[in-house]
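The chain below stands alone, shown as structure tokens; this is the form predicted on its own.
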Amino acid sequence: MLSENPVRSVNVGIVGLGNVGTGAMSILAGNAAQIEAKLGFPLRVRTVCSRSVASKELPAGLAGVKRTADWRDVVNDPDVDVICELIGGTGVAHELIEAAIAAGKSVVTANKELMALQGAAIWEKAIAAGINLAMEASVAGGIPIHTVLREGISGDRIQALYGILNGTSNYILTEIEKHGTAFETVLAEAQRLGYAEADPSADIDGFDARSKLALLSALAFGEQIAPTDIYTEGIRRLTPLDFQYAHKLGHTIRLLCAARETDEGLLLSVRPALIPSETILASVQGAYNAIWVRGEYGADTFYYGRGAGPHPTGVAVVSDLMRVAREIRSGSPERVSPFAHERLGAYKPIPITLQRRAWYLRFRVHDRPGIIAALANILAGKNVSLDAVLQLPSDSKDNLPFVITLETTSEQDVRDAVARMATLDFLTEPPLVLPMETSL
């Protein structure tokens, strides 16, 4: 009787045992049988690495894996086939990935910041080395949006992409909307619950979402986009009053990531915007993420799910590991670029001021006669037409809020008008200016 030769596993080295690393390991251990049934061979964790690795409790079934506090041990382990980088940042993580590629090992990463800044250059090195690079977990946690853009709808021509890509900001905005609570109070609660970091600026000032939009835009439009190319505003100035006015207008407010093809070129922005209440993006609440993609041929498609968390993001990491493992076993030279295009073209930024939108302007003023006339006169000087004036009841005459909405006009004209308004002595603070996204 002939003995069966065991099928050799593909072995993984995991660097970084934070929330995502722990989640990925628990899936690899708990779902090992299903993973092997789908692949036809085992996918095994060979080595794990973190600075505190000695104190880490690993999932049942992984107790015998190698442990190290030095990532170089993982890269240099001849039995490791794939390096899984889950430490984040742009320093050590970059060095680790470069070393893995030089050693001929494929890489799976969840690092949105590094991939947004250096991903295209890293992919070029991966091509030259004949290995794969996978990064599904870098955007939107449990939503396989990279796979969608890279393969699922790759036959379409993308015209626009809109997303809610930061769960912390979306949680804060929906709590303000639901309960009428001040921004500072909701932020403190988000920090207590672990949704927001002690320094929340990456989330609430839009920088986390900006990195994610840079990656998705590269996949969707085939251009090499730096995060700094994207116009970015955060959510610090939004108040419960803004949601009251938005509701009066049949809208809500979300931190909206937008990428749109125009006759002039690609317009990119991350900023709070009014979106119609009847649209599907308006219903995205709490820490969830969503992406709405509009194609020339396939029209609208929508993707929704958890934007973060150990298990949703861990699923994306493990799915990438499975895809890379298949390539390693098959030896296929025909790798699909993680950016959906064999090479990315050079992006030529165009100013966001070219966009034309309807606008929401919220003012706070020392009340006196002639205020509306003075503001209307400045707007008329830029050929900007008023759409409506809204004023909810208020007891304060020294800090009176009201809203003016504008008909569709260019952002440049609105900015010029607001700059002139800043010289008016009845304003208690600069006007809040938000676009009204009527194209969703």
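Note that the structure is predicted; figures quoted are calculated from it, not measured. Residue positions are given as counts along the sequence shown, with the first one as 1.
Here the subject shifts to the form predicted together with a small molecule, a form of this protein not shown in this document.
Engineer: Heavy atoms, 4.5 Å, the small molecule in the predicted complex: which of 47-55, 32-40, 411-419, 373-381 makes the cut? Say which one.
Structural biologist: Selected stretch: 47-55.
Engineer: Give a yes or no on whether each residue among 183, 241 and 365 has a heavy atom within 4.5 Å of the small molecule in the predicted complex.
Structural biologist: No: none of 183, 241 and 365 comes within 4.5 Å of the small molecule in the predicted complex.
Engineer: Can you check whether residue 309 is within 4.5 Å of the small molecule in the predicted complex, heavy atom basis?
Structural biologist: Because a heavy atom of residue 309 falls inside 4.5 Å of the small molecule in the predicted complex, the answer is yes.
Engineer: Spell out, yes or no, whether the shortest heavy atom distance between residue 16 and the small molecule in the predicted complex is within 4.5 Å.
Structural biologist: Yes, residue 16 is a contact residue.
Engineer: Does residue 269 make contact with the small molecule in the predicted complex, using a 4.5 Å heavy atom cut-off?
Structural biologist: Contact with the small molecule, no.
Engineer: Should residue 87 be counted as a contact of the small molecule in the predicted complex, where contact means heavy atoms within 4.5 Å?
Structural biologist: Close contact exists here: in the predicted complex, residue 87 approaches the small molecule to within 4.5 Å, heavy atoms only.
Engineer: Looking at 221, 339, 292, 71, which has any heavy atom no more than 4.5 Å from the small molecule in the predicted complex?
Structural biologist: Here the answer is residue option 71.
Engineer: Heavy atom within 4.5 Å of the small molecule in the predicted complex: which of 97, 259, 137, 255?
Structural biologist: Answer to the contact question: 137.
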